[in-house]
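One chain is shown next in structure tokens, namely the form predicted on its own.
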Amino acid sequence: MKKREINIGILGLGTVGQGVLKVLQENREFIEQKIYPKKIILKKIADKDKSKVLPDKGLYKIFTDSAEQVINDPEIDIIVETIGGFEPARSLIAQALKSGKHVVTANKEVIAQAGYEILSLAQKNKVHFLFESSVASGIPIIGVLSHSLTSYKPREIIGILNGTTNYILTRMSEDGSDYEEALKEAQEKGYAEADPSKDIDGFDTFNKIFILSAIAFRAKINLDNIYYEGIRNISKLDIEYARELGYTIKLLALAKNKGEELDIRVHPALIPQRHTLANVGGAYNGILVRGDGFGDLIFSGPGAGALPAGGMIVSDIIEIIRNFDSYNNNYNYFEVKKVKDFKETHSSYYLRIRVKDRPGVLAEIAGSFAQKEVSFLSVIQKGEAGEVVDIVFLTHLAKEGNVQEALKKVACLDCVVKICNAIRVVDI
């Protein structure tokens, strides 16, 4: 007899875990229409904080501070992991899969660092491991890449994948806030953690583009070969000058399938103001998927929050329940792919260089760049004439390694006070 009642256990009752509870409680009738005649039973919930305040008094009857208790319950069919971080989350997920339980998670760190191992473990035990909410929370991009776009190979993904950094850059652009002011506001509104380094240094986006690249290109990738940097060096001056040039600055994740190798990286970039992604503001995420058969597809939506993430986790639960009696593996093929050496990639550049205002400065700087085969598209002097001025350069397409070598030479010139910033330009 096929099982009608599917028991759920939740590990971790932070923002996302509470979101899962709220979605399950508030949308029960709608959800059960999707899985009829089966029903979802919330069997146990766990959080290490014994004083955790729960939204419903009845939940205290199934509350425990022991994750092991939830995983070892033989009646539980599906484990929802919303603890976050790498450990103990990874070990608990592995333990649940070995116990024959299906697992749903939002944990991009675990998937990026141990995803291939965990998917193999799930396949070995013939259980599902789903992670839709690990990237871009409210946007079902993993489902699009793994289920919908299966007849043509995606060629390129360009994404704004971190709500915290996008909020900061939006405030800097729209209000003229400086970086520290915008970060403080993001923290006050709950978009940024007390320690925001994983977001602002690009690590969160790095994990997410790895996941999307692996799925979109069906690739086994060495995580260590992906370059990433964050937004700490972006100033409101750079945002202002970029605007004058017709660009907006965003923290971009880029992944391009070049056949034998993949070009994957994360860094701030100037993108044309006219493009849809330039207008993805606040804490929203935006993702462009480009392919030969379908052209450009653009997705936008909330990239974080209790209900968007909780809703996607519940969608994964529903997916598992629909296939509960007939196991299928959505992630059964990954081809080893090399990631292109970042120094060998090509970009145009926005450069802001502070110099001593004297004759011959442009010739000296241009000469140093020319030696490394880097040429300029445009040159603009910013600020009033005086002892020191900023010069803004836009370069033609050039090899990354050449630009970096040229910048080292330029920094040593007597006429140069400071290399203020070097930001890549992406003409989407």
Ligand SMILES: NC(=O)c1ccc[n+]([C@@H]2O[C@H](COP(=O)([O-])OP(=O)(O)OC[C@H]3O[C@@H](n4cnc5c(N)ncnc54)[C@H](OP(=O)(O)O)[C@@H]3O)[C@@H](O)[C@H]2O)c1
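Residue indices: 1-based, along the sequence shown. Predicted model only: the values in this text are computed from it and were never measured.
The discussion below concerns the form predicted together with this ligand, not included here.
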Seminar exercise, completed: Assert contact residue (this ligand, in the predicted bound form, non-hydrogen atom within 4.5 Å, options Asp49, Glu387, Glu384, Asp56) equals Asp49
Seminar exercise, completed: Note: exactly one of Gly143, Gly301, Pro88, Pro272 sits with a heavy atom within 4.5 Å of this ligand in the predicted bound form, namely Pro88
Exercise. Since the chain is shown here on its own, which stretch among 355-363, 373-381, 39-47, 398-406 would lie within 4.5 Å of this ligand in the predicted bound form, judged by heavy atoms?
Worked result: 39-47
Problem set entry | in the predicted bound form, Lys108 touching this ligand (heavy atom, 4.5 Å) | yes
Problem set entry | Partner proximity in the predicted bound form: Gly9 to this ligand, non-hydrogen atom cutoff 4.5 Å | no
Exercise. Counting only non-hydrogen atoms and a 4.5 angstroms cut-off, does Val20 reach this ligand in the predicted bound form?
Worked result: no
For this session: Please check if Ser137 has a heavy atom lying within 4.5 Å of any heavy atom of this ligand in the predicted bound form.
Result: yes
Exercise. Listed by sequence position, which residues of 293-325 have a non-hydrogen atom within 4.5 angstroms of this ligand in the predicted bound form?
Worked result: Ala304, Gly305, Ala309
